[in-house]
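In structure tokens, the next block holds one chain alone, the form predicted on its own.
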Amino acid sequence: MVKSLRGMNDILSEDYERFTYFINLATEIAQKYGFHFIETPLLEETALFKRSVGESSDIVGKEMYQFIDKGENDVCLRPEGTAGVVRAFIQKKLDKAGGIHRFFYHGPMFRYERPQKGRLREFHQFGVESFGVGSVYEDATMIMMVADILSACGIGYKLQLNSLGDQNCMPTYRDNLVSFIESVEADICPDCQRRKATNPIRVLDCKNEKCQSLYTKAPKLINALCPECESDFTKLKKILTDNNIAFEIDTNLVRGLDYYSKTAFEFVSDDIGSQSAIAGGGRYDRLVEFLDGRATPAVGFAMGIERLMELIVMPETSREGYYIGAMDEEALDLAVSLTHQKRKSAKATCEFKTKNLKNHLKGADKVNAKFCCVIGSNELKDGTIWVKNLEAKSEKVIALKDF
């Protein structure tokens, strides 16, 4: 028997209901914020992610589904959503058009990593990207949107904040951090030793407990911000406080991708493990320029849908629509026709097998129909149909023309 590949799961029944409920809810909220849907290809040139995500990242170095296609192109399945949206933004010349452009997207991403609970090789993200607004108010808007989505889903969270500085304050801090790393280099893990040369700030994101204990003494970027970055971060904290959004400062929060600067944020939950991230994002003002576009301020976030699935509080569902069945073969064609007509205005399900009334009622229960409607030989002769309202527990026989 052929099975699905490891880390690539089917979405069926109740999971599908939760999945679509979340997508619809997040879409509605994003649209209220003035964002518009964008769809980018699953397959992109590998160079896009090497230049944006960064060759030093684990995504590019270890996790991409990369191959040479029949046209000798070096391509890969998208491992994240932001780079593709930025590529589309530049390709459509929106960077040169100026103005403000706000997008949301959802769809599958692919990373070859060890599958575990809430982390698959094919996983789904809901993401938002904003271009053309350099104000920290837009950063706050992103955080507010995530908070609104999580609250609407009934999901509790903690918000963690940090500032990654910019090209004015980051270089000096990076030099100081490298000096510190070198002082403890003999005791840190091989990944951190490698990152020291490629992207030293990412050592702070290491999950190795011994490394983390050493980095408690590392210099903190938040203490080395230039006046502009410090002013922006102070303003962000005030906006969130004024809008009753609680947060805590995490000086080791650096985000896993190379293109972030200034604001970085993460929403975490205790309900899926120890402080596990369920959404994250930040500002990436230089990424458009890195990909040969006109310099454009940008900020965004992404949410891993599989990580949220068990946390989503589903609304109570009420019975809906019609179940229509036949008790005799001669009534089956009419049942099919009636169902087709009902679907123009309501949800309707037809049972193609003849059954007795008890089994039709069970069938209506199974599809959570509000009305169970049954035709037998007597109803066919009289031009009527038996209808039971399964919420009100009432039943009656009515003329087909009234039905």
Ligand code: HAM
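No experiment lies behind these values; they were computed from the predicted model shown. Numbering starts at 1 and runs along the sequence shown.
The protein also exists as the form predicted in complex with histidyl-adenosine monophosphate; that form is not presented, and the subsequent description refers to it.
Residues of just one listed stretch (322-330, 219-227, 125-133, 175-183) have heavy atoms within 4.5 Å of histidyl-adenosine monophosphate in the model of the complex: 125-133.
G280 is the sole member of G280, P200, G293, G107 with a non-hydrogen atom within 4.5 Å of histidyl-adenosine monophosphate in the model of the complex. Contact check for M303: a non-hydrogen atom falls within 4.5 Å of histidyl-adenosine monophosphate in the model of the complex. Although the partner is absent here, I155 lies well away from histidyl-adenosine monophosphate in the model of the complex, with no heavy atom inside 4.5 Å. Shown alone here, D191 lies farther than 4.5 Å from histidyl-adenosine monophosphate in the model of the complex, counting heavy atoms only. Among heavy atoms of L253, none comes within 4.5 Å of histidyl-adenosine monophosphate in the model of the complex. Shown here without histidyl-adenosine monophosphate, the chain has only R307 in 305-319 lying with a heavy atom within 4.5 Å of that partner in the model of the complex.
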